[in-house]
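As structure tokens, one chain now follows by itself in the form predicted on its own.
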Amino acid sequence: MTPGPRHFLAVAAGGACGALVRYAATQAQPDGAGFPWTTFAINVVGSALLAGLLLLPVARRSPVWAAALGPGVLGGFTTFSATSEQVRSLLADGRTGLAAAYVVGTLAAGLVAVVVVGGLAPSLPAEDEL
């Protein structure tokens, strides 16, 4: 299937919404100078939500909604580019151990979130599988 204009608009609108939620979260709880907990939590929660996306009937049945919610909202919400910049900053400050813990912790926690959500999710009905 070739994505049409509706898919691109859905991703754009969803991305704007996800980015706004992430921005609001970082304004409500800034990362500060230590471990970037807010960005860490955003990426782990976003990973878990992405793993469970196809549990939503609307995402299973509508490629436009799946695009809006997946690459759109959750793509705009999660921020591995911010993680990369925070790791660079920690390394520049000579905090190598914290930078390593942040990288490994983010990847491990995101993977655990995906595995847990995938394990807890009920099987999709055969007629709803993509």
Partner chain sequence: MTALLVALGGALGSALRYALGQRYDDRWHHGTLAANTVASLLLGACAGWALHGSALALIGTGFCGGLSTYSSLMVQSRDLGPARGAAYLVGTIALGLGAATLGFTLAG
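Numbering follows the first chain given and starts at 1. Because the structure is predicted, anything quoted here is derived from the model rather than measured.
In what follows, reference is made to the form predicted together with the partner chain, a form of this protein that is not presented.
Exercise: Arg88 in contact with the partner chain in the predicted bound form, heavy atom 4.5 Å
Because a heavy atom of Arg88 falls inside 4.5 Å of the partner chain in the predicted bound form, the answer is yes.
Given that the partner chain is not shown alongside this chain, does Pro36 nevertheless sit within 4.5 Å of it in the predicted bound form, heavy atom to heavy atom?
So Pro36 does not count as contacting the partner chain.
Heavy atom to heavy atom, is Ser84 within 4.5 Å of the partner chain in the predicted bound form?
Yes - in the predicted bound form, heavy atoms of Ser84 and the partner chain come within 4.5 Å of each other.
Does the 4.5 Å heavy atom contact test between Val114 and the partner chain in the predicted bound form come out positive?
Taking the distances in the predicted bound form, the answer for Val114 is yes, it comes within 4.5 Å of the partner chain.
Determine the residues of 30-64 with a heavy atom within 4.5 Å of the partner chain in the predicted bound form and present them in sequence order; the list may be empty.
If the 4.5 Å heavy-atom criterion is applied to the partner chain in the predicted bound form, 30-64 yields Asn43, Gly46, Ser47, Leu50, Ala51.
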